[in-house]
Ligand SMILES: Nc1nc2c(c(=O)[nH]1)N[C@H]1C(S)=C(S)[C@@H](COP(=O)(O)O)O[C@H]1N2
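Below you will find one chain, with nothing else, as structure tokens; this is the form predicted on its own, and questions on how it binds or moves follow later.
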């Protein structure tokens, strides 16, 4: 492959070559499948096949082949899987950037297309690089609560993930033999012992990665790998605390801050409070009522009447798609199964459609599966940590379900409709 002189002058690092690229590739090969699988699990936790309520990607078709009923046990499952997904995605950023740096000469090779086979290879590379950048950028923006997408985050990230993983699998299938050969060509431990003064370019290759006019090294391969590894470790340290929660949350310097309202029993993380969601004082004031319906029956309850119903407690965390989670909070309220019994559905209550007084934002209404309704820890919570819910935490009543994403724990609930026949179409 002929490389124009201007690119020879531009890409002169003596570190570039098949071996270094292969080292970064192996790290991504270990991390990206886990990142993809935990992303699929996160999507499953929203129960998107409870159409049309929770279906954020109505045109997913066969891409939803794996969906299953999200369990309530263990109650910390979503907290762990989403924490791994978000933290791993952030930790892999330095590796991804290093991998792109190592192959940048190929991205600008001339001529861009030499044959039909080469055109297909370039297309797969475009989907791979573009898909990776799209997924990582949108994911990190979502973590930071910067919803500046040209549409909803959920379908964009979902479809983007399938495009990326398709290109990734094809790329691995085509490049794996070459990667294995490159790794066998140099001793990893020997490279880690090689200082900058003895760092030399890799032998000339046919891939175009090794510079034909290398510049003197400014860092060894050991140093380059160390910088990437140190970058990943640093990102782990300043990110993982938001998933672990509790006192460790203070180490999560990259997590959105200023979202812990006040002090006391209600002083734990929120995403959006009353001001951001359009909830008005009169919507949750003394005139607030809860409507429970199902099986052709309906009952309306005041806050005082709810307080007189049998109350139960559940120690559960809140875990959100952005990767943050709280420690276990002690919730107190009425079991969903007991509310279903008020309309004659207590023996085997079906799925429930939950509506909020919220006026702005997504998930103003959600559907919960029958297994979630029947779990004795699933509550319409009235109190938390011994105190009445604050407005930002959902006063006068909110849903709390073990294992569910935070956004499914609807705040400011106004209506519970048991049974699919009552869901809107």
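Residue numbers count along the first chain shown, from 1. Since this is a predicted model, take the numbers as computed values, not measurements.
Although it is not shown, the form predicted in complex with this ligand is what the next lines describe.
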(request) Look at the stretches 314-322, 102-110, 338-346, 208-216 and give the one with heavy atoms within 4.5 Å of this ligand in the predicted bound form. (result) 314-322
(message) Since the partner isn't included here, can you check whether this ligand sits close to all of 271, 277 and 412 in the predicted bound form (heavy atom within 4.5 Å for each)?
(response) yes
(request) May I ask you to state whether residue 47 is within 4.5 Å of this ligand in the predicted bound form, using heavy atom distances? (result) no
(request) Would you please decide whether residue 369 lies within 4.5 angstroms of this ligand in the predicted bound form, comparing each non-hydrogen atom pair? (result) no
(message) Please determine whether residue 36 contacts this ligand in the predicted bound form, using a 4.5 Å cut-off between heavy atoms.
(response) no
(message) At 4.5 Å between heavy atoms, is residue 42 in contact with this ligand in the predicted bound form?
(response) no
(request) Any residue of 350-381 with a heavy atom within 4.5 Å of this ligand in the predicted bound form counts; write them all down in order. (result) 356, 358, 362, 363
